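Coming up is one lone chain in structure tokens, specifically the form predicted on its own.
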């Protein structure tokens, strides 16, 4: 289970999240959605332990984040990375095999085989010797997904992995995430597109700096909740929401966008 209890968090003196409180059982494919500035990425970074809450707490598997960080893997937004850093694609993926308590940055034969396996899984094997800065946005995102997969974590956290990527890369990413979910692992993903959110996730966390709703997608993805979060006329989604009440929003049961 992921449990978020009375969480308030932000940056410096600026508060980005107010009194967030929810719990969701694993395994699950959880989407974090909401308008721009609603605190989606802040929540993800707090779950990761990168941000210390002002108040409240987060636990995973019944333990504080500090005790289970080794069970998490992370894919950042592609616009938050310095792509001028001179590093090869294979070396980026190998970073996923690094363990804090290991003796130096040395990788075993098994580590290199795992890195090659996951690079192939995202369709980027032929680019293994290429500098990361030479790749397109979608290719870079796939490489960072391979790095996270190489960690072989129980929970994968992604910050808008489909934003700004080409259609081919988006389809490949969703296919890999489907395989990951079917292994009984959990995914927590910040997402911005309401139309695809209705078919991707089985659970949602809907935010507007405060929590609007959290839980199974059929309970959260309603016209009333969306209007509360977005403050706009989203009535065009009413037919989709009606259908959603009859068909679970599970990644493996729906066509990829």
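Since this is a predicted model, take the numbers as computed values, not measurements. Residue numbers count along the first chain shown, from 1.
Below: the form predicted in complex with ligand ADP, not depicted.
Shown alone here, residue 24 lies farther than 4.5 Å from ligand ADP in the predicted bound form, counting heavy atoms only. Residue contact with ligand ADP in the predicted bound form: residue 31 places no heavy atom within 4.5 Å of it. Within this chain, residue 66 is remote from the site of ligand ADP in the predicted bound form, having no heavy atom within 4.5 Å. Taking the partner from the other structure, ligand ADP in the predicted bound form has a heavy atom within 4.5 Å of a heavy atom of residue 40.
Candidate site formed by 127, 136 and 165: none of these residues places a non-hydrogen atom within 4.5 angstroms of ligand ADP in the predicted bound form. The stretch in contact with ligand ADP in the predicted bound form, judged by heavy atoms within 4.5 Å, is 41 to 49, chosen from 41 to 49, 221 to 229, 57 to 65, 193 to 201. Residues are counted as partner-facing when one of their heavy atoms sits within 4.5 Å of ligand ADP in the predicted bound form; in 1 to 25 these are 11, 14, 16, in sequence order.
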